[in-house]
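Before any questions on binding or motion, here is one chain by itself as structure tokens, the form predicted on its own.
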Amino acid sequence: MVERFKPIRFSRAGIRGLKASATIAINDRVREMWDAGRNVYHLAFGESRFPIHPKIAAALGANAQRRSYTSALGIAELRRAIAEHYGRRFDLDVAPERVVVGPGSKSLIFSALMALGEEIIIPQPSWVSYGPQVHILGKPVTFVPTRPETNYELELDVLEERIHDSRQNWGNPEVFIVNSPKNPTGTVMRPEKVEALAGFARDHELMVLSDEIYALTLFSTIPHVSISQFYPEGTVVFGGLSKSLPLGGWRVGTAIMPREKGGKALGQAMSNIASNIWTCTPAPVQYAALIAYSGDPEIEEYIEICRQMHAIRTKFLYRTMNRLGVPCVEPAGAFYIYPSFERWKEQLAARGVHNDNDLAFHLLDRYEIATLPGSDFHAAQDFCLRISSSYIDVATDEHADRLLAAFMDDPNPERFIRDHHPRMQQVAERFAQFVAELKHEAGEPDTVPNLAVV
């Protein structure tokens, strides 16, 4: 029986069954372990850890005295700068009045989910907070599985089947969430798939919430194409400064409303929600964000430098899994890989590891590697892990400063890893040990490949 705390009485609405965000929980746990003097290789949290650009930091200080409330939609100058940014960067025709600014894209996604639709369609796997946000709102969810064989893209026949099944059961799926580049897999939707998905949404009169927070972190030949280019009247585009620039804790998010009168009405609805919950995004941060969205050549160059560093680090972890023979879809953006250890499920079971949650605890307890289980991301397959490259070797500001200076001095990918990522290389060695043990237990050749960076 659940313990009672009189006079506190909890409401079941939105709270029953709700857990803390898995990413925030693991980050807190790792910090507690570090504080206790334990060694942990932190591969569980997706936070860009590089230094803040001096111009943006200076702008925050210069505007520290801006203490008055602003519009719930965001200050006019910032909304105009964001609209110009989307035109310059993504070739989207965005009017400033279609822009909403909030304290992080997470808050804006939640307010859109609150304002829209009866039932929400969520791909599997997907970011950890989509499902819990819908749960808080008390709305039903239709999950749509995706497969590594198809690059974790939504397959329209599967999507249509799930929508049909829901409607047959008196469901009413009206809104679906798209995320590309994708967390947790790092994969990117190809333009022709984006266009086909847009046509499907229009034909079925569905609203699309397109989470494009990783749009400027691509490192493949696949371009980022927003679904709003093909379906502008039915798409809300979300973005922010937490991934392309290391400003996660500043909490600056953006939402681009659909065209036509419906988009204006949705913007007003989200403004109403914002004004009753968070009032406005902190004013000094908004004025500092003006610099980030200004198109300043130095800022644009720094975004590119951060993208390159993320790419080198993420590709190294992917190549490690590839050389160890661990199935892992190739990432094309963000800073994640998504390997599967299912081929060794019998050997893992002999160790008391029966699912991906057990696997994540096993790696942490035995190999000091912190990861997140795929089940936290509503995985359709078992024994998958989400591994992030963004925190390792940049746990402190001093480490981040040194790493940036090293890359600016010598951007060669091999030397960047070899000479400046000791913990990344140690992680590779520990994964090699883990996989070699599993192969030995499975009767496979357990020769460990040479993972040294030369």
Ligand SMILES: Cc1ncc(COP(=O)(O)O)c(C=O)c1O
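One-based numbering along the sequence shown. Treat the numbers as computed from the prediction; the structure is a model and nothing was measured.
Not pictured, yet referred to below: the form predicted together with this ligand.
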*At 4.5 angstroms, heavy atoms only, are 105, 127 and 214 all close to this ligand in the model of the complex?*
yes
*Quick one: which of 339-347, 179-187, 151-159, 164-172 gets within 4.5 Å of this ligand in the model of the complex, going by heavy atoms?*
179-187
*asked:* Under a 4.5 Å heavy atom criterion, is residue 286 part of the interface with this ligand in the model of the complex?
replied: no
_Exercise: residue 80 in contact with this ligand in the model of the complex, heavy atom 4.5 Å_ = no
_Quick check on residue 139: any heavy atom within 4.5 Å of this ligand in the model of the complex?_
no
*asked:* Check residue 363 for me: does it contact this ligand in the model of the complex (non-hydrogen atoms, 4.5 angstroms)?
replied: no
*Out of 89, 323, 251, 378, which one falls within 4.5 Å of this ligand in the model of the complex, going by heavy atoms?*
251
*Could you spot which one of 235, 242, 371, 226 gets a heavy atom to within 4.5 Å of this ligand in the model of the complex?*
242
